[in-house]
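Given next, in structure tokens, is a single chain: the form predicted on its own.
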Amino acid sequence: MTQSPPITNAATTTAEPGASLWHDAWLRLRKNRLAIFGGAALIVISLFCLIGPACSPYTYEQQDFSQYAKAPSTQHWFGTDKLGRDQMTRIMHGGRISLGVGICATLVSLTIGVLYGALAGFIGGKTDATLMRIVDILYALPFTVFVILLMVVFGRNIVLLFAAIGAVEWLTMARIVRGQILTLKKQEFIEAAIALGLRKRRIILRHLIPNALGPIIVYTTLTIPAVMLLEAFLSFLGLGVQPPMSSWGTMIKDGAELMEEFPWLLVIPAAFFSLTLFSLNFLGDGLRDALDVRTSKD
């Protein structure tokens, strides 16, 4: 008696593995040349600022008055400032401060805004109304004046600078997250989690926030340049990083005072600052389009 061959399912053998949302987003992001340029430029600038000082023969506070405001040369590629300090080394250290303030203050803003918005959106009702009215009131306050008051009252400390800027940049993040949570909590998987009796904290942290990561990531990339601009503005007013440390904002301030006589003191740090801001915005716009499934033409 012959044994019949096993029956195979043609659909099973020919099925292709499905692609995840993140894989599709990456494929769309790769097609955006401006976003790829922005990401590559950010990597190059970050490596330049992080690794560069270790390769420089000068330190950021080293003064040589015989090299007063020298133009760019083979000895000092970006020239020197009014105290004879190497401009390229100071731009590297200034980049560390500016990027550090942007990233750390954004993380403070991200933590407060995501948790606040998720809590308001999930609980809803009077709690949601009360929390969002608080956000509306804070929106009416002049953020820059609030940060300046914090810096004047508590002193000019770089750690306080991170916290102060982050503490006034979380409001928009809270509104974005709340809107996403209001949509997500009506989905079947959230209703199933509630029916199973899961704790609210677990639903928010394990189910709601991870599913809202797309808009959160996009707005994070757009918050960093906004924070860097605010830090540069405070430094321009003399309320930011204090000497001998420098940020790109303080270097732009110093260069503006001597721009007619020594234009490279303004042009070079302003070029690094502008390129970084443009790159972050290009990357943020690219991520927004890549993570929006409605933009997919596949």
Partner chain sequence: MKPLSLLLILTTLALVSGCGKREMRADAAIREQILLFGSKSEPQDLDPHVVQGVGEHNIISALMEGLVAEDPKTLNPVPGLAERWEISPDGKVYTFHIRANARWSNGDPVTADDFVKSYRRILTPSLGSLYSYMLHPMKNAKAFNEGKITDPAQLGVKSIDARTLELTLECPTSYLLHAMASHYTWWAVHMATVEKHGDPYKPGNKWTRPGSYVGNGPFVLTAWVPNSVISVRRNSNYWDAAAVRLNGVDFLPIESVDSEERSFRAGQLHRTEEVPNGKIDAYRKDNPQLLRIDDYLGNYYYRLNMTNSALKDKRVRLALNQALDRQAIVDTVTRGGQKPAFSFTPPETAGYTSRAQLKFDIEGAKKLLADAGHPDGKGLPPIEIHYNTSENHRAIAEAIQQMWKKNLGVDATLRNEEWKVYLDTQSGGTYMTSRAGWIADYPDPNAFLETFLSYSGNNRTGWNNPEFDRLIQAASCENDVNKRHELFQQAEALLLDELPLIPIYFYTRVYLLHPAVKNWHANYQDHHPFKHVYLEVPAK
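Numbering follows the first chain given and starts at 1. As the structure is a computational prediction, the values presented were derived from the model and not from experiment.
Although it is not shown, the form predicted in complex with its partner chain is what the next lines describe.
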{"property": "Contact residue in the predicted bound form, from His76, Arg85, His207, His93 (heavy atom within 4.5 Å of its partner chain)", "result": "Arg85"}
{"property": "Selected contact from Leu29, Ala41, Leu50, Leu258, since only one has a non-hydrogen atom within 4.5 angstroms of its partner chain in the predicted bound form", "result": "Leu258"}
{"property": "Interface membership of Pro57, its partner chain in the predicted bound form, 4.5 Å heavy atom rule", "result": "no"}
{"property": "In the predicted bound form, Ile112 touching its partner chain (heavy atom, 4.5 Å)", "result": "no"}
{"property": "Contact flag, Ile36 vs its partner chain in the predicted bound form, heavy atom cut 4.5 Å", "result": "no"}
{"property": "4.5 Å heavy atom contact, Ile45 and its partner chain in the predicted bound form", "result": "no"}
{"property": "Segment assignment from 197-205, 94-102, 76-84, 112-120: heavy atom within 4.5 Å of its partner chain in the predicted bound form", "result": "76-84"}
{"property": "Interface residues of 117-140 toward its partner chain, as seen in the predicted bound form [heavy atoms, 4.5 Å]", "result": "none"}
